[in-house]
Each structure stands twice: as structure tokens, then as C-alpha cells.
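As C-alpha cells, one chain now follows by itself in the form predicted on its own.
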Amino acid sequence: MPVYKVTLAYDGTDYHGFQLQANALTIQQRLEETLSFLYKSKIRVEAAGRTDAGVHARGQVVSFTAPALIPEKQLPVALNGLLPRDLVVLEAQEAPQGFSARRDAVAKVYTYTIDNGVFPDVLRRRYTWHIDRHLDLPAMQEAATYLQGKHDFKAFQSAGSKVKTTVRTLFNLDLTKQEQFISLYYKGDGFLYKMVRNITGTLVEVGKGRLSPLEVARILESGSRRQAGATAPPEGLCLEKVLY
């Protein structure tokens, strides 16, 4: 049967993450239910990344095998006619046999958005972390430079994940500000469980003056999660793109 590569966008606010769970609604559940209804057979999908509860995506990628019943160009239209409005299929294409959305990914891009206004932008409250205290952006940018490159990111991994190695390469970690919004851009060859949110929480401690930029470098070297900052909330995080 053909293998399909499908790109999704979703608002994760009302879901308990991507991965199937026994007693909670997830993106994977909604997508597999819709695919199974469409193909009249059980369809299972594999995702490039398992986003957590409340996390969003503009460019999540999944792969699955299915009968050649629907032309690839018509698949997004067919699925979007059945899916809820907070989950949209952007693109579908037939992939080479053996293609895996997870194993074949070479890099992922995430963004995290902080609303640093005195008062929150109410229309963006589902997609930002509001911090009313002024953050020192230059200090955060300096701290970010110590995290770029190939490192052991054990200090920024939350408990609950089993991986062979905690070494990852962070190609870019850029921080910019427009109006009251600070955007953090992460591009890496892979990310540990809650790594982006834990780094973001640590950089916010730098922005508040509670940590110096050099202390972030020492935290990275220590490998100690206890020394890093708190985990940033999920709503500011978005999986932007998966590269193959």
C-alpha cells in the first residue's frame, strides 16, 4: 500500500497532546478516527514529534499507509471536511516506501512566544506566556549563545522520557522582540522531553535578573535539572516545521 506524508496544523488548547491516551482527547485520536472513517479500515499514524498538552503546531508531519483510494491532492480536502476546525491538513503527498515521519526527520523548528506587555493581549492569550515584568532581552540573547551547538542537554530534560542519549545539536536559538512580544526561535536535530520549555523558563530567569548568562552555561555543564529554571507553560510553544 502507498505511504503518505501529511502536514498538519492545530491549536492544541483543547487537546491532551498529540499521542493517544486512554481517557483523554488527543490530536492522534481525532486524526486516526477521521482517516479510519474515510478509508473504512483502521489507520494508524506516526508523528514527527509528540507535542504535549496545550502545545500547538503549524507544521507537524505524520506518515501512514493506506489503500490507494483517494488521490493525494484530494486527501487534504477530504480530511478537512471531516476534521474539527482546530485541526487542519495542509498538505498530503505519497512518500517512498519505508518513509517514517519520525525516523527520517533531520531537524525540527519550534517557536516560543512571550507576551511581555504590562497587560496581556487578550486575543493571543492561548498562544503566548504573559509576563508583565520587563525582561532583559540582551541578557537572554547572551545566555542563548552558550546553548547553541552540540551539547549534553540533560539539565533541560524533564523526567518521564527514556532516550539513549541526551546529546543534541541546537543549530539556532534566536530571540527577537516586536512590540510587546518576545519570540524564541529554536532549530535543532532533535529535542528532549520538554527541552524547549525548560530552556525558555531558564532564559526567563535570566531576563528577570535571577540568573546571569554565564550561570546558564554552568547549568548546561552541570547536567542538573534542579539548577535550571521552571518549565514554561505549553501555550506559548509551537512546532513550526519538520525538515527532511
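It should be emphasised that the depicted structure is a prediction, and the values quoted were computed from it without experimental measurement. Start at 1 with the first residue shown and count on from there.
As for the form predicted together with another copy of the chain, it is not shown, yet the points below apply to it.
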How about D86 - does it come within 4.5 Å of another copy of the chain in the predicted complex, if we only consider non-hydrogen atoms? yes
Using 4.5 Å between non-hydrogen atoms, is R125 touching another copy of the chain in the predicted complex? yes
My question is simply whether C238 lines the interface with another copy of the chain in the predicted complex - judged by any non-hydrogen atom within 4.5 Å. yes
Tell me, yes or no, whether Y10 is in contact with another copy of the chain in the predicted complex, where a contact means a heavy atom of each within 4.5 Å. yes
Tell me which of 134-142, 150-158, 97-105, 113-121 has residues with heavy atoms within 4.5 angstroms of another copy of the chain in the predicted complex? 113-121
Let me know the one among V163, L82, V167, L90 whose heavy atoms come within 4.5 Å of another copy of the chain in the predicted complex, would you? L90
Give me the residue from K208, R50, R58, K187 that has a heavy atom within 4.5 Å of another copy of the chain in the predicted complex. R58
Along 17-38, which positions have a non-hydrogen atom within 4.5 Å of another copy of the chain in the predicted complex? none
